[in-house]
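We begin with a single chain expressed as structure tokens, specifically the form predicted alone.
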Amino acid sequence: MTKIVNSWNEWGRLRRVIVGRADGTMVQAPEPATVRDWPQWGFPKGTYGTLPQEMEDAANEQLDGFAALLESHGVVVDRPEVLDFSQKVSTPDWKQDSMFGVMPPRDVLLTVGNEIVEATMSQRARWFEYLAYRPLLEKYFTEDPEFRWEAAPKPRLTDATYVDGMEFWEYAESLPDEEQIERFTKKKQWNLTEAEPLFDAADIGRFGRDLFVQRSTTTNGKGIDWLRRHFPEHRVHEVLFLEAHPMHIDATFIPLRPGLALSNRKRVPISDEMKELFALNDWEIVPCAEPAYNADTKPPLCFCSEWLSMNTLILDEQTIFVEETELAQQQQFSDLGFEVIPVPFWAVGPFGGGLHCATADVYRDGTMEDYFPKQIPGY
């Protein structure tokens, strides 16, 4: 029997990983958790459908190329199954006119040590997404006797889970970013209520014994509480950043190696306790480089921000994969002592993210270590 699952942080030598697929990805049907409005690209509010075939082909070419590149560096690459994401789905509580896709496994799967947790997810379109990964998880379970396979409580996602349903987005997005930060971010109240635990796996940064979880539009307070109870041997820290529409931490704050983290130069941490904790333990936090794209020049139908520039994948403590057009970010990593491996990847953005989003760790070298031995009481 082989040990297949082991990953405690974001920087141990990567040995096995899941890489997503772009096939059949949808501009998802509107729902209380999210609404798309792209009239300039043929999807005005209320409409939905598959992304254009030429975009899907370009994204899959880059995903397949990245998978081959990883394999050339000795990494075992697994791929999820593709479902019919255009189908209507339902539970006894709701009906949804489409699913989403299976490009970003990082959103769904959280690996902590020898355990993989299926996240709750907070969008109805993504409720059934875990099914695409079940064949892989079943394989790991059969072949690895130490693998712990967990599924967080599936949420009901009734109307009680959301603040004002789809009307929330029309109101919130009418406000300038500064006002959204004041009204929602600083008050920890976006579109989700506290009716049930909710979290996306991509809102969690893994630093050994310490897990940093972003409160966001996809992760609520009860979700963070569930993670604290589920991982009693870890310290789970809630974090907030100056961001109008927070969704997933890996384009905001990422560890690079012990003692070094990269922070979004605009989305700075709000919490004084978080900054104090890093300083107390001699961690250096560096602001990221300027991205190559902006809101006007990123690809069409892309709901991800231009800060995918810092959405990278670490091979080991000296080597990092970076999108090939993000030259300033590449230079910064080089200056920090990394060997940079450029990867063409911006065609993947409209399908759900960058290099980190498109992957989910299965095995990295290392054990659970304490990188923050000096703690702040109550944080």
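Residues carry their position along the shown sequence, with the first being 1. This is a predicted model, so every value here is computed, not measured.
FYI, the form predicted together with a small molecule isn't displayed, but the following is about it.
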| task | Answer yes if any heavy atom of D107 is within 4.5 Å of a heavy atom of the small molecule in the predicted bound form; otherwise answer no. | result | yes
| query | How about D250: is it within 4.5 Å of the small molecule in the predicted bound form, going by heavy atoms? | reply | yes
| request: State yes or no: in the predicted bound form, is some non-hydrogen atom of A119 no more than 4.5 angstroms from a non-hydrogen atom of the small molecule? | output: no
| said: Is it the case that S305, even though its partner is missing from this view, gets within 4.5 Å of the small molecule in the predicted bound form, heavy atoms only? | reply: yes
| query | Heavy atoms within 4.5 Å of the small molecule in the predicted bound form: which of the stretches 242-250, 268-276, 152-160, 70-78 has them? | reply | 242-250
| message | Exactly one residue in A22, C357, V362, V19 has a non-hydrogen atom within 4.5 Å of the small molecule in the predicted bound form; which is it? | response | C357
